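Taking the form predicted alone, here's one chain by itself in structure tokens.
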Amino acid sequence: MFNMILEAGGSFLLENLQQFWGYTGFHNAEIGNIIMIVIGLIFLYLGIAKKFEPMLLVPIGFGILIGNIPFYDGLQIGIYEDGSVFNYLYFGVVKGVYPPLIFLGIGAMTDFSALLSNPKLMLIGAAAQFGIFGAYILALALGFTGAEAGAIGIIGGADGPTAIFLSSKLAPDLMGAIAISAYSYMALVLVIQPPVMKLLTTKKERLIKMRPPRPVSQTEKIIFPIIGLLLTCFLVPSGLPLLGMLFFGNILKESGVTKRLANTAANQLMDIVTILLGVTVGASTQASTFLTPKSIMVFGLGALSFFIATAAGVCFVKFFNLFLKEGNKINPLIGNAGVSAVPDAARISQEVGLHYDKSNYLLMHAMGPNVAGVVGSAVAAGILLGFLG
């Protein structure tokens, strides 16, 4: 009898252990999960050790780890499982809630003085958006649908929230790949842009010194977000969620009477939304939905769009200089700043310029096209959404 009890107890324990093993990540792991976990670790390494956009890459990298922990279906813990906590948090990405809030914070942090002091720099920001439409054309040529091509093309704007917003509307199934691609290349602008800038400019052009920007009055700063909103959104109403919040955040900053609101938008709210956006976007890269041939093509097109955008900005300045008198010419090294990776792209203009002339400070000049790129990418997203949505 005792032996029978032991045997029954042992059998019961073995069944429990087998059942427990079936629920573990070790049992449910697939090679795709391991690949994505390695990618997540690379993101964390770049963010922590190399300090490449740590505010973005650390949340996204850890989110990739979270999203690729293997689990037994039906536990309601996965980001794509209805009723799970992560699914609720991911709602803000799927429905495009987080990007406008990010733009609110960006507006509250952005000083448009460099652009207002030299409005022609806005043209550089517009020219850099050619990367978006160049990638769009290439994506169409590779067989993507119009909506998918538009969502992929926006990577060239170097604006993660805009890429998420547009892809959530046009190509939800590619949103994870597009978002990770956009943020990855934003973090790597220091690696991507300098070779293109040096290749397309001569030593003489790199040494061009620009006139100091003129002082901008507070009245100009207050009027700008109002006029900016009306002009851009009357032209492209579909860009209202992003542009409206961008200019709203900016008037909170510049009005001088809503400092508490501006500080909240630029700090606490921005930090909270960045955390939620980064983690959920990272977690959306479950291997089963992320590791596809289309995702690989998205990454390739994303890299190409960054090269095109950088080259377009630099080449546009070179062309524009043909019509400017000596003393008014623009240093082509600020052409890279037309992408909206603020302020990293402008810092690259400064660093490359100082490499050739220790007294040539381009940062303030580069901030003009850099902030213009933020507006330009949102306008481009509105255009694409208008005829593809």
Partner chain sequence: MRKTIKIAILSLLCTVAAMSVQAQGVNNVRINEILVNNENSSTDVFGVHAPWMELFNNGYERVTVSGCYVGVTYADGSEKRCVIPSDKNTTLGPLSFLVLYFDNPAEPNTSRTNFHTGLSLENATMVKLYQASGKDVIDSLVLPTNALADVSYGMAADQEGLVQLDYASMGSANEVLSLTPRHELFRQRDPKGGMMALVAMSVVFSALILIFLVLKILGKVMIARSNKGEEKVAVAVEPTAAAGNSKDAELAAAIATALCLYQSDSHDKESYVITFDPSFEHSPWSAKSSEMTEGSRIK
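Positions refer to the first chain, counted from 1. All of these numbers come straight from a predicted model, not from anything done at the bench.
Missing here is the form predicted in complex with the partner chain; even so, the following discussion is about that form.
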query	finding
Among 284-292, 301-309, 129-137, 250-258, the region lying within 4.5 Å of the partner chain in the predicted complex by heavy atom distance	129-137
In the predicted complex, residue 123 touching the partner chain (heavy atom, 4.5 Å)	yes
Residue 224: touches the partner chain in the predicted complex, heavy atom cutoff 4.5 angstroms	yes
Partner contact for residue 220 in the predicted complex: the partner chain, 4.5 angstroms, heavy atom	yes
Contact label in the predicted complex: residue 366 to the partner chain, heavy atom within 4.5 Å	no
One residue of 76, 145, 263, 202 in contact with the partner chain, assessed in the predicted complex (non-hydrogen atom, 4.5 angstroms)	145
One residue of 315, 236, 89, 188 in contact with the partner chain, assessed in the predicted complex (non-hydrogen atom, 4.5 angstroms)	236
52, 325 and 333 all contacting the partner chain in the predicted complex, non-hydrogen atom within 4.5 Å	no
